[in-house]
Every structure is written in C-alpha cells, then in structure tokens.
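Shown next as structure tokens: one chain only, the form predicted alone.
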C-alpha cells in the first residue's frame, strides 16, 4: 500500500510527515514540492516520477499526499485520503493550516491508528473517538472493562457502533439528496440527463437498534439484466455503507442495518433513466445586426403547485464586446456582471406550475473584425424540497430495539443543481 503520508501547506512546507516504510526518506517531500506545489501546470491528482507515485487531494489550500512505489489500487488510496479528511473534520471542524498546526499531536495519533505499515485499518469515527480523545470529545479514564468494549467494537460484527449509546429522545433523520445534471441542445432535445443521489442519515438512537428502510416497489438496479416497467425507478449504480445487509435488499428492496451513531452516508446511487427535470428553460436569443442582442427567456416549474423551487439563479451569457444590458423581469432581480460576461437573474422562489419571464437587450461595441459569438450555455442553479428527480421514495422507516422504545422518524427530500444544469441556445 502506501509508504509515506504528508500534509503540505500551499507554500510547499511540510506540516505532517509520516514514513511507514524504509523505501523512502523524508527528502521525498522536496520532490513533491518542486514537481507539484511549485508547478502550476500540474492538474492530475496522480503524478508518477520514475517508480514513485504521488497521490494528492487538495482541501482548503492544503495538500494531503500519499506516496508509494508499488502498483496500488488508486481508488483505495484516494478513499483513504478522503476518509482521513472526514475524520479530521469530525475532530476539529475545518481542515486548514491553522487547525493542522494546533492539532498535530492528535493527527499523528490518528494516522498511526487508521494505517498500519501503510495498510488502512479501522477508520470508523465512533470507534476512534472512544480511545483517541480531545477536549471537544467527552472522555473519562478508560478502565479495563472500557478497553475491552473498544476491542470488541473494533473487531466485532458491528465495529461501527457501541452497544451502550443512550439518548433521552430517540430520533432518526433521513435526507434523500439528489443533484441533477442536464445538458440540453438549442433545439430543446436532451443531450444528457442524469441524477447523482445519496441518502444521508442521522441516527440518535439508544442501544443497538435494527433499522428497516423500504424504497420504491418498482425499483430496478441493473436494467441490463432485468426488464423494468416504463415507470420504474432505474438505478445504474448503488453503493452502501458497510452496515447494510445486502441480501435483504436484493430480495425485497428493503435496507436492513444497525446504524452507526450520529451522521453517516447510508447509500449513494446514480440514475440515467426517467429523470424528471424540475425546471424547463426556453431561451430565445437573437443577434440584431452587430450592435444588439435580444433575450427572451421563460422558466417553467415542472412540479406540483404545493412545491416550490428556491434559490433559483440563472447565469445568462453575453458577448465579449457587451457594453451594457437593459433587463426587464417580473420576478426576482437581474443584474449584468461585466467581469464575467453574464447576466445573473436571481429568483427567490418559483411555485410549482409558475412561469417566469426575462427579457433584455444587450448593447455591443463595434469591432473592426467580426468574431462569431460562441454562445456558452445558460447555467441554472436551484433547490426543490420534497421532490426527487429520479422518483426514488422512502416507503417506510422502522426502528426495532429490544427495549421497544418509541422513536421519531423524519424523512426529507431535496433536489438541487449547481453548475451542472445547462441549456444551450
């Protein structure tokens, strides 16, 4: 696996250095600083120099770097880097240069615990917090029996959860969050439409509860092997947290699991079929001679009247030689941003079925050589609560525990787009 682990700041200074094996010296950090940090042309997260490979992830102007000489699984190395970042966030919040310097002793404890001789070990946050503690984590002297509990948790069947968790109020929150990606041609045909979704859960439940979680009856996981109905929800790719019992999901589309304590990602999925587009944008853009461009854009909400889209932002491109734009909108506010050559149209809320219109005229300066306008696509950002573009729904959520306590369950849906919902004109 990996031979060395480093954290660099944006100047290339080494903040954290850990050598797991003897095939590298600490001077290997100078190679990364010269070849990557000081070289602005480097864009790839993997750099191979001779027989040495550098894997790096950037977070808040820090470089989290793993170094190896062997032919390792690149996805595993990046998962290790991102897992380290999530663990660090759970301990001291934001991961930046100041927090790394303030917590360097803790970080050395963590990287020694989650990696042994360069191989990833236990990286469950709840387990780590039970024996690597800071002031922000409530801790007491770990007695012999407490140490025994930790060993059982780290090596037992449910390493992600302790059995003695207690809450006065037992609650479970489920968030189904979907990001819609759209690319639409100028003629109105969909070139690409897919959904990246994940189910985030926060479990504040006492004891060791068994949770059961049902999804749509018509749910097709692998559409190549099963013939699904036209109205079925088709998921191309599913990844689950390690607590999920997959055999029950295959038979009944029920997710059965013992949840970790606190917040975790239960499931991640993609969908490319039967995607419901929340907003329809109809642009009409005409160039009037060489001095003007006229815009008429309509935005329509394609969902029920009880729902609404919030934080709607359209970024409408203008030619490079635009001098000013006269905008007229009935909803929201529109402003020309010359530094970015776009008109930003912000609509606080669009109710389901509502139409909003935008009309504008852009004035252009005359140029000696006529350049064809590339017409970049219109970008749309939005959020719609209680709607899923894939059609995925949670049929039920049940909690079983031997003490039969009452638990409160909450389910929320959110569909959003941020820089990935584009309409050409």
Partner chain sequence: MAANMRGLTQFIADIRGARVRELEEKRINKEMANIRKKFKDGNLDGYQKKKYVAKIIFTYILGYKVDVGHMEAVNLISSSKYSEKQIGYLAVTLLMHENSDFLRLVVNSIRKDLDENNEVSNCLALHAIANVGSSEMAEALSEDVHRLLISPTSQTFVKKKAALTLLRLYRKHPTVIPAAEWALRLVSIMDDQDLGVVICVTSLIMALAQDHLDAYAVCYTKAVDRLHRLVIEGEYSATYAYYKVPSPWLQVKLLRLLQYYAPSEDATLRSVLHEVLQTIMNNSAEPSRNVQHNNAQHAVLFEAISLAIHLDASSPLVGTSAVLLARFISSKETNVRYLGLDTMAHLAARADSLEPLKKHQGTIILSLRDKDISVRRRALDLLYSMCDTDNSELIVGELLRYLKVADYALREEMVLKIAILTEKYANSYKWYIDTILQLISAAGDHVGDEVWYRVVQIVTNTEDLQEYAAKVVFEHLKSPSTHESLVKVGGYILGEYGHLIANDTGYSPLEQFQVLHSKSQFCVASTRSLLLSTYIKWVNVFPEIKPQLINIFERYRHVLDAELQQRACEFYSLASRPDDDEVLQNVCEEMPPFPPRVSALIGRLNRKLGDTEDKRTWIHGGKEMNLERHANSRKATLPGSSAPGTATVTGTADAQDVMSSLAGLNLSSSGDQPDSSRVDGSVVAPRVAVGPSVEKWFNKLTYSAEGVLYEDVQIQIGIKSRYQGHLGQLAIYLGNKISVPLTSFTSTIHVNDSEALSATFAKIPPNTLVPRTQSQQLLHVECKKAFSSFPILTVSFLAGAHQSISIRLPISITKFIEGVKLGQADFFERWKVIGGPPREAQAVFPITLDGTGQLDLVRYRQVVSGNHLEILEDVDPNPSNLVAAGVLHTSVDGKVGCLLRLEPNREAKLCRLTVRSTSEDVAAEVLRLIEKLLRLDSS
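Values in this document were obtained by computation on a predicted structure and should not be read as measured data. Throughout, rigid core stands for the largest set of C-alpha atoms superposing within 1.5 Å between the two forms. Numbering follows the first chain given and starts at 1.
Another form exists, predicted in complex with its partner chain; not displayed. Remarks below refer to it.
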{"query": "Residue contact check: residue 363 to its partner chain in the predicted bound form, 4.5 Å heavy atom", "finding": "yes"}
{"query": "Its partner chain contact at residue 320 in the predicted bound form, heavy atom, 4.5 Å", "finding": "yes"}
{"query": "Contact of residue 371 with its partner chain in the predicted bound form (heavy atom, 4.5 Å)", "finding": "yes"}
{"query": "Proximity of residue 10 to its partner chain in the predicted bound form, heavy atoms at 4.5 Å", "finding": "yes"}
{"query": "Candidate stretches 106-114, 74-82, 338-346, 123-131, one within 4.5 Å of its partner chain in the predicted bound form by heavy atom", "finding": "338-346"}
{"query": "Heavy atom within 4.5 Å of its partner chain in the predicted bound form - the one residue of 61, 35, 51, 357 that qualifies", "finding": "61"}
{"query": "Single option in 284, 311, 291, 242 placed near its partner chain in the predicted bound form, where near means a heavy atom within 4.5 Å", "finding": "291"}
{"query": "Rigid-core frame, C-alpha of residue 11, shift of 2 angstroms or more between the shown form and the other one", "finding": "yes"}
{"query": "Is_shifted residue 62 between the shown form and the other one (CA, 2 Å cut-off, rigid core)", "finding": "yes"}
{"query": "Core-aligned CA displacement of residue 394 at least 2 Å between the shown form and the other one", "finding": "no"}
